[in-house]
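One chain follows as structure tokens, the form predicted on its own.
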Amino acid sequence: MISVKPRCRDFPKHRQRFTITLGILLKTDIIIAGGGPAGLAAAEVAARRGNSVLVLEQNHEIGSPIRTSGGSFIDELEALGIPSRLYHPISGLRFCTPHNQAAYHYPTPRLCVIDVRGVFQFLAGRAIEAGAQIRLATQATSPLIEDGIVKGVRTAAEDLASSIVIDATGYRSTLLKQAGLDPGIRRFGVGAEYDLYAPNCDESEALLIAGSDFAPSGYAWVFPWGRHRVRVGVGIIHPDSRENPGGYLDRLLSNLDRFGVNLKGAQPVEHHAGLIPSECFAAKFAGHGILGVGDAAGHASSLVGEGIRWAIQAGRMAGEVVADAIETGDVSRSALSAFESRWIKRYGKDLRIAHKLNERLSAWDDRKWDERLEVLKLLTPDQFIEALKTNLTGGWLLKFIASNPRALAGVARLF
């Protein structure tokens, strides 16, 4: 058994000592199961705090397969340090229902569609620069539990010991459930999309489409992301509806001309499918020696099924909490539940309202969608953005109602 120190010039020196047997890493401070945005953000923060961090990613490439449409907001990504080369700005947005539409224009773009694979790999690069280790094609199959405390993880090839485990395995919550922390996620947005090369599609405008023709208990989307690429998809909430989004996707694709979308000459380059929790965040996502983060703990906005920026925020917050726990030598639930407290304090109210709204929206028929869109038409472009961002407790809503008395009844029915 040989103890070695990494020699990378920029590697943090504190605690960067791994136990190696035949070249296989066996012991580290923090093991993170899952190399998505939540796991990678947590890895970067924890590693920059001087901890040894190992990320286990079950796939052979960070960012593949793609399971998300990538819609986001420019100011949020700027705050997270995501470079502009990794997202495509959108200056127009239309929200379409069966017989109605609301259109919003942004002279200075606020919406964007990200290069999903590029962003994930950018986050991986930051984690690596901070000193984290990433191992591909390695799945954490179960937690190692001793006297009720998680002490590491098991893979198909070996047992890996650690002081803390972070479950960032996505909606399956693989390790949390086995550690007795079932997040209780039973409702999901089930999505399917084509990523097209579409040389004649307007790359400045995105569409959201609601209604039973194309997305019962959900919505459809058209998201350009630059270089003549556009993602066209359908998301349906299960079990609110048991319809398969794949069948509706083909119907949507053949009918987009009625919404003014020009797909002449377009051809599919990729096909994506995925699930995202459509619940409020878990009531409990911290245990003895383990934390859940990202989709594993429901850290997404169920309003429109947006998860990436929420996952990065959750990962960073979790990284700080586990670094604090390592410093104090206390990895109990009592110490790690600081993550729960911080998350609820910062995002709890907005995300709970978002979930209630999503439950209502998924039950609307076409008539209600057409009616409620009249209320949405009263929103300014910036107000609509704030709603999409799940900023639902901000002062903008009260100001909107005060300046639009006739919208009061509609807003009351919406909420």
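Position 1 is the first residue in the sequence shown; the rest follow in order. Values in this document were obtained by computation on a predicted structure and should not be read as measured data.
Keep in mind the form predicted together with a small molecule is missing from the figure; the text below concerns it.
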TODO: Sort through H355, K27, R48, R67 and report the residue having a heavy atom within 4.5 Å of the small molecule in the model of the complex.
DONE: R67
Open item on the list: Under a 4.5 angstroms heavy atom criterion, identify the one residue in Q121, T138, S241, Q133 near the small molecule in the model of the complex.
Closed with: T138
- [ ] Within 4.5 Å of the small molecule in the model of the complex, counting heavy atoms only, one of 247-255, 304-312, 280-288, 335-343 shows up; tell me which.
- [x] 304-312
Task: P109 within 4.5 Å of the small molecule in the model of the complex, heavy atoms - done: no
Task: Contact flag, L275 vs the small molecule in the model of the complex, heavy atom cut 4.5 Å - done: yes
Open item on the list: Just checking whether G294 would be counted as a contact of the small molecule in the model of the complex - the rule being heavy atoms within 4.5 angstroms.
Closed with: yes
Open item on the list: I'd like to know if E44 sits close to the small molecule in the model of the complex, meaning any non-hydrogen atom pair within 4.5 angstroms.
Closed with: no
